[in-house]
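Quick heads-up: it's one chain on its own, the form predicted on its own, in structure tokens.
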Amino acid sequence: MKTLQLQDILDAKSRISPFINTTPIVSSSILNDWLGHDIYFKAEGLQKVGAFKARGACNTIAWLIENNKKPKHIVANSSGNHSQAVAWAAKMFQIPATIYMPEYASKIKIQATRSYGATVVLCKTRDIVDAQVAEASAKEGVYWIPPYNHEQVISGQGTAVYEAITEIGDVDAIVAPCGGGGLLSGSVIAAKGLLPNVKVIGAEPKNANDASLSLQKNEIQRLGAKPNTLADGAMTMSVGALTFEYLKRLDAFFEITEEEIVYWTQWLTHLLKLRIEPTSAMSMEAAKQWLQKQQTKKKVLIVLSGGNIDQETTLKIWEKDYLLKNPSM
């Protein structure tokens, strides 16, 4: 297995630059005052398809074409933003795509995937999704772009942190959410390649803590059933064999409760004036818990992974008003 390096991120950046958005970095002076640290947010909700996933999907297809391996058909499996990203990228490169998704996936993400022109196949469980995409990928001329366990997907995702560091310079810590581990893997490669002393930190729902358990036991752990979490971007059943090796390089990893996820979804939406997916928001709680252990003022970069939220999730987020309690350390 090849160990990805900073050069792989640079190559990916070169491939995808004509097609993706260079997303802005935002901050809240009020939040910084309340917490006593400088916190910057990479707003990937303003990326194509509304999520960082556009980077990995675009890079993978561009890499295939660059190496004269353009497929006749593309397939993918996802419960969320990866499905839209592959559908969008496949359409852009004029390749038909079929996306396998679980029935419980976000309705807005299912509809968006169809709107990009892909055929969507809904399956009862994630295990059936994975089995069907594997069967479809065995056909001649078909290429499977997995949501995270792929070198070019990881390299594409790492361009988000590369862009951010290039713009704001040295930071003490970088925090990103963990589903299957693709974003965090790319973030580790980019961050450590540019800033060897930076801390890279992961966040995961306590109710979907397969990555956390895997790191604790030093062996990939798979969830037994669909996790019950609002962070639908982190509802993966397990990390990948490839991403797990990069996750081992993290400096800290935090399990975030559902209440903490909702709290920060509300507050970041209010403070940053952006659409914030619950999966993005949990990184803020991880940053806070890490900062509580620090003795000096720190500069932290948080990757806001996406901004696609359906009505059902929105209603759950705002059932209770958390804006009555200001963030503090």
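Residue numbers run from 1 along the displayed sequence. All values derive from a computational prediction rather than experimental measurement.
Unshown form predicted together with another copy of the chain; subsequent notes refer to it.
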Study note, to complete from the structure: For another copy of the chain in the predicted complex, the stretch among 256-264, 62-70, 44-52, 278-286 with residues bearing a heavy atom within 4.5 Å is 44-52
Check your understanding: Check Ile30, Leu315 and Trp318: does every one of them have a heavy atom within 4.5 Å of another copy of the chain in the predicted complex?
Key -> yes
Point to revise | Position in contact with another copy of the chain when the complex is considered in the predicted complex, options Asn218, Asn228, Ser115, Gln94, heavy atoms within 4.5 Å | key: Ser115
Point to revise | Heavy atom within 4.5 Å of another copy of the chain in the predicted complex - the one residue of Leu194, Ile108, Leu223, Leu122 that qualifies | key: Ile108
Exercise for review: Indicate whether another copy of the chain has at least one heavy atom within 4.5 Å of a heavy atom of Gln311 in the predicted complex.
Suggested key: yes
Check your understanding: Given that the partner is absent here, does His270 sit within 4.5 Å of another copy of the chain in the predicted complex, heavy atoms only?
Key -> yes
Exercise for review: Indicate whether another copy of the chain has at least one heavy atom within 4.5 Å of a heavy atom of Leu323 in the predicted complex.
Suggested key: yes
Check your understanding: Which residues, if any, of 186-202 lie within 4.5 Å of another copy of the chain in the predicted complex when only heavy atoms count?
Key -> none
